[in-house]
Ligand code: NIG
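In the form predicted alone, a lone chain appears below as structure tokens.
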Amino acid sequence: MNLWISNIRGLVLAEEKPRKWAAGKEMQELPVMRNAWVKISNGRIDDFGLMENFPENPQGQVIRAEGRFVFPSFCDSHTHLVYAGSREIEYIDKIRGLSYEEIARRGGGILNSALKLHLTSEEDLLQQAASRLDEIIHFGTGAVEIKSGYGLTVEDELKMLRVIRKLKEISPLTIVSTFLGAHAVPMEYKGRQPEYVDLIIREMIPKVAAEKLADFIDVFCDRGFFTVEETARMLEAGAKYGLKPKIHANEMDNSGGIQIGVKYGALSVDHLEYTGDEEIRCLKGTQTMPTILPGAAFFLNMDRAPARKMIEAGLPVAFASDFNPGSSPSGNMQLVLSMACINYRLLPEEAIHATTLNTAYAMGLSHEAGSIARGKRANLFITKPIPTVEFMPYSFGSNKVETVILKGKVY
């Protein structure tokens, strides 16, 4: 059955010619069709136009959207939302002045989550993660990348990835999965880090590939985690099994993570708090999406990535949530949109591109998601009555989403 949305105050990011991303000054040019309609058929966007051309007797269900805007669903290209429990005690440690690295050295941080995950059943992990997915759906997210990385053993990394595979089967969200065995060094490998890298290369990657559990491979290439040389070895191993790279880069230092990501054709390099002129020059002219995670910088009270400088240099920029229990316990992409404007000085038009089309690209999904275009998957949301597009990031404390449509179905 067809689904029509009529009398739309503004149809946001409606594209006659779909783009893979928006970069530089182009990010300010947000297409908004006023007094519009959109037609959805078989889970995809079939057509759209002005109300003056709306058919007299549309066949199917019609939703009237007077005073409302229709947006493409947010695409969240960086999360760790499969995890066990929470880490609010570490949050108190942060308030008392301990750094992220100090907490990690005491067995907290990622290692804390790894222990909890080891003690939690696959079914329990699935139920916890499904609840988080339901929450982000109602904030407007339609596509999400989920990483492993709280396993840190062969068995537990596979357990996490199997949970993600099951979520793909049961959730209306579009989900991509990323193998992140190189998220941290387990306590039992302290002082023997090369041996853990060998374990990832010789055992984890082949088994992940054999079960077809991941779309991407990721490495935390940063001070106190994995070196550039170790990162290169793991990316090369992943490439042999068809795993395209994504990189945690330059969160703690000028680690070389951006450069190694570009060298190996990473789809995205993420975090980027320590990004200078050299890194920006390295990214220019490449197919690698710089992705900023404002929730983590906010929660950890870290320096902010130079998003404004990147855009002024002509780069595309994406913003994602980094939803995880230790450094960004929120998957609310409306909040990410607001942070992009408030903390990073993006214009609303730039921030909308950064959380939809550009994050879709950072998941390899810009052909399917991120904008309103004929043939794309019908993942979109209808706002509550709001006065302008700019109201979305301006009103940061409330949920502006009224109706969610995923794969053509209303939720």
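Residue positions are given as counts along the sequence shown, with the first one as 1. If you're wondering where the values come from, they're calculated on a predicted model, not measured in any experiment.
Below: the form predicted in complex with the ligand, not depicted.
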Checklist line | Contact assignment for the ligand in the predicted bound form, among 179, 319, 74, 150, heavy atom within 4.5 Å | finding: 150
Next item on the list: Considering the ligand in the predicted bound form, find the one stretch among 157-165, 195-203, 244-252, 129-137 with heavy atoms no farther than 4.5 Å from it.
Entry: 244-252
Check: Heavy atoms within 4.5 Å of the ligand in the predicted bound form: does residue 326 have any?
Finding: yes
Margin query: Taking the ligand as it sits in the predicted bound form, is residue 267 near enough to touch it, meaning that at least one heavy atom pair lies within 4.5 angstroms?
Written below: no
Check: in the predicted bound form, does residue 235 have a heavy atom within 4.5 Å of the ligand?
Finding: no
Notebook entry, point to check: So, in the predicted bound form, is residue 226 in contact with the ligand at a 4.5 angstroms heavy atom limit?
Noted result: no
Notebook entry, point to check: What residues, if any, in 55-81 have a non-hydrogen atom within 4.5 angstroms of the ligand in the predicted bound form?
Noted result: 78, 80
